[in-house]
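Single chain ahead, by itself, as structure tokens, in the form predicted on its own.
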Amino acid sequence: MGVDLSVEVGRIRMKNPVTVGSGTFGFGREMADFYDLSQLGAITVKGTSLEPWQGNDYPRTVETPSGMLNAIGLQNDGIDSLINEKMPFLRQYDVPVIVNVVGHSLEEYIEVASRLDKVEGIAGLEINVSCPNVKEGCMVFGTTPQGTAEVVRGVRAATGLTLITKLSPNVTDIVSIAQAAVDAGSDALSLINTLMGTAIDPWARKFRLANVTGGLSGPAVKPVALRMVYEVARSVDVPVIGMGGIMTAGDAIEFIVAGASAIAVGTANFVNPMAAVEIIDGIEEYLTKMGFASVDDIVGTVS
């Protein structure tokens, strides 16, 4: 009998522990030519707001040692486009859809959550209170326990869907913010979002990003992400989705044994569109070789 790759994140049953990082996978259509999206444990789509967001000025991405900076600014076409155009496409696949929710105000978060509550095919909401490259909203809420709790509490009252709160690493005490999100009603947590950074062209003596700062992702952030996932997972009683520099199955397994119930593949999708399915296969191979019956058998087993 083969190993059991399935996991549960809140009320979301995933056939394997691999989802994709919001903003790195678009709305699925961009990756559908590479493999059957039903192979994924879940699809976490790009951040979605009440009204369309234009995003930041260009240039807004730059490669850095062992990673990249992005200052996209959560550009998206708004909730109507998601409901009417994106979701009919995603419903073709046997995979839970998690929608990353963004807003400039508490009222916007609540309105988006309320409208998505009964949309067929949506299994959960990932509340983005942690984006470091939007000038208002998002990170303003996620840098304090009180702000995080306010958003989670409001969204919790507006929807019965599984709520996942995405945490920022750009804080002094991520554990207290994680606990505040759980106490306010979050069913799960995802971490980490990107680290704030910048890049400069020394010859032009100019910033490489029009926004000056952006979010650092990729292998460079993995040690920080791994430490934070470990600290949070041992401090809360809800599932954790770990992310931050996961490029291989070995990386994913590190996050799982650190305490993550599931993982998200982000920047790796830009380098290798097949990364997520290769990681699924690699996790299965690892469990088989090590004699484990399920993913649950290794969650939080680091010593």
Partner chain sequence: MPKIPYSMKGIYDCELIEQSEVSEGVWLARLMGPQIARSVTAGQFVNVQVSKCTDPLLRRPFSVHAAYPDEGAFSLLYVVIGRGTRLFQRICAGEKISVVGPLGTGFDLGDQPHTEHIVVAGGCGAAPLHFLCDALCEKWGCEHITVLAGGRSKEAVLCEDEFRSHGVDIEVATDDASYGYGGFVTGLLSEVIGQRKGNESNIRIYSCGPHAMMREVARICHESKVANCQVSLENNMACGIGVCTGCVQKIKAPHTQQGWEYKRVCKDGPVFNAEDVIWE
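Positions refer to the first chain, counted from 1. The structure presented is a predicted model; accordingly, all values stated were derived computationally and were not measured.
We do not show the form predicted in complex with its partner chain, though everything after this point is about it.
Its partner chain is not shown here, and in the predicted bound form it never comes within 4.5 Å of any heavy atom of Ser105. In the predicted bound form, its partner chain stays beyond 4.5 Å of every heavy atom belonging to Ala42. At the 4.5 Å threshold, heavy atoms of Gly185 stay clear of its partner chain in the predicted bound form, well away from it.
Using a 4.5 Å cutoff between non-hydrogen atoms, Thr24 counts as a contact of its partner chain in the predicted bound form. Using a 4.5 Å cut-off to its partner chain in the predicted bound form, not one of Ser38, Gly78 and Asp94 places a heavy atom inside that distance.
For the partner-free chain shown, just Met274 of 274-290 comes within 4.5 angstroms of its partner chain in the predicted bound form, judged by any non-hydrogen atom.
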